[in-house]
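Have a look below at one chain only, the form predicted on its own, in C-alpha cells format.
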Amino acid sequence: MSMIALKEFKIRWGMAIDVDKCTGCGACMVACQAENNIAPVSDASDKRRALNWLVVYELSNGKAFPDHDLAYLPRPCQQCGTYPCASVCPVTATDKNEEGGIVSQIHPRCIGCRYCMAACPYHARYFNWQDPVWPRGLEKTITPDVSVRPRGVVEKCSFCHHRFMWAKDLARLENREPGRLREGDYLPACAESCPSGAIVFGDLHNPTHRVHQLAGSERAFRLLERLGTEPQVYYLSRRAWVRRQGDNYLPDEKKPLP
C-alpha cells in the first residue's frame, strides 16, 4: 500500500476512546446516523451494503466461563496521518489539507471507483448503493448543514466537520481567534452523546486538552499501529488481550495494566 509523507498541523483533532468504559449501547452510532443524514437502509439484513460511518465491534478474549470477557470498540474513521485512501483517489475526492488533520470526503467529485475503500485498512469507508430515502415525516430531522449524498459515491466519518465550522463561526462572533478553539467548543455527535464518557475529543497537540493526556497514557494504543498509518484515534484499555487485538502482530502481553 502506498503512503504519503506525514503532514504536520498546528491543530490535530483526535479522539481517545476508553474501551473499558464503553458499554456497547450504540448511542454513538445512532447519533452519527442522525447528525450526518444517513438514511435508513431498505434491507438492513444485507451487511454487504450497510452504511454506518461509525461501527461498534464486540471483542472477546475467546475463553470459556468463568474466564470469559467481552469488550466493545467503537470504530470511526481513524483520520490517518498518512491517509492511504487519498493516495489512490484518481479525482482528489479525498484529501488531508485543512488545519486539524481531518481527512475530507468531497462527494461531488467522487466517481465511485472505490479505490479508497480498498486502500483503507480499517474498513471505515462505505459505498452508497442506494438513493437516500427517509420514511414519511423523518425527512424533517435532516441536519441542514450536512449534504445528503446521492447513490454511487463513497462516504465516511468526517468528525462531524460541520460542527467544526459552527465552532469557528461562534468564535468569530465572540471576537475570538477561530484557529484557537477552546476545549469543548467543537465536539462530534458521537462524543457528545456517549452516556459513559468513553469518547473524549480535542486537539492532540494541545497539552491542556484531555485527549492529549489520554493519548500519552500507558493504556493507550492505536489500531494496526504496525502499518504506520498514524491514526488520530487512540484507544485505552487496562486489559492486555484488548490491546493485543488492536494489533495482533504485537507480542503477547501476560498481565493487564494496574
Partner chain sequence: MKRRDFMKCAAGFSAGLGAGIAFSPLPWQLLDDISVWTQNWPWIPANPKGENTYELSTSKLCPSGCGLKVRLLNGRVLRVLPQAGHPLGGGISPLAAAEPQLLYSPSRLTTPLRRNSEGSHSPISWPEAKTLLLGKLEAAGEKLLCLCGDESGSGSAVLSAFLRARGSEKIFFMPSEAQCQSLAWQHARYADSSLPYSSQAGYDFEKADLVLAIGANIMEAWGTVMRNRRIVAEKGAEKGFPLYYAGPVQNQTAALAAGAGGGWLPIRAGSETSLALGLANVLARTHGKKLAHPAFAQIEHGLARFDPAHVSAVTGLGPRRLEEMCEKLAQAAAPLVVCGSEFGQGAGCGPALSGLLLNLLLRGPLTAVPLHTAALPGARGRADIYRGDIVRELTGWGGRPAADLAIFYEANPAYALPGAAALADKIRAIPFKLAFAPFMDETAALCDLVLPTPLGLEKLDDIESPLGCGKVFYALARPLAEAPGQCRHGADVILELAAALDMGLPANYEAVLRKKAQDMSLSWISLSRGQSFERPAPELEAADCDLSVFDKLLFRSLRAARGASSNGRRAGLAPLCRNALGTPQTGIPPFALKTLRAKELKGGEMYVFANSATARALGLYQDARVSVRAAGGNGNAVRNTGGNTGRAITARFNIFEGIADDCLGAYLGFGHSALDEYSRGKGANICELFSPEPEEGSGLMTWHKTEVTVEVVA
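No experiment lies behind these values; they were computed from the predicted model shown. Residue numbers count along the first chain shown, from 1.
The same protein has a further form, the form predicted in complex with the partner chain, not shown here; the description that follows concerns it.
- Of the heavy atoms in Leu224, none are within 4.5 Å of the partner chain in the model of the complex.
- Among heavy atoms of Ala220, none comes within 4.5 Å of the partner chain in the model of the complex.
- Contact annotation for His107: at least one heavy atom lies within 4.5 Å of the partner chain in the model of the complex.
- Interface residue remark: Glu177 is not counted as part of the site for the partner chain in the model of the complex, having no heavy atom within 4.5 Å.
- Every residue of the trio Cys25, Pro132 and Ser147 has some heavy atom no more than 4.5 Å from the partner chain in the model of the complex.
- Out of the listed residues Arg125, Arg75, Lys96, Arg163, Arg163 is the one that sits within 4.5 Å of the partner chain in the model of the complex by at least one heavy atom.
- In plain terms, the part of the chain that comes close to the partner chain in the model of the complex, with a heavy atom within 4.5 Å, is 67-75 out of 67-75, 82-90, 177-185, 114-122.
- Applying a 4.5 Å heavy atom cutoff to the partner chain in the model of the complex picks out Asp131, Pro132, Trp134, Pro135, Arg136, Gly137, Leu138, Lys140, Thr141, Ile142 from 128-142, in order along the sequence.
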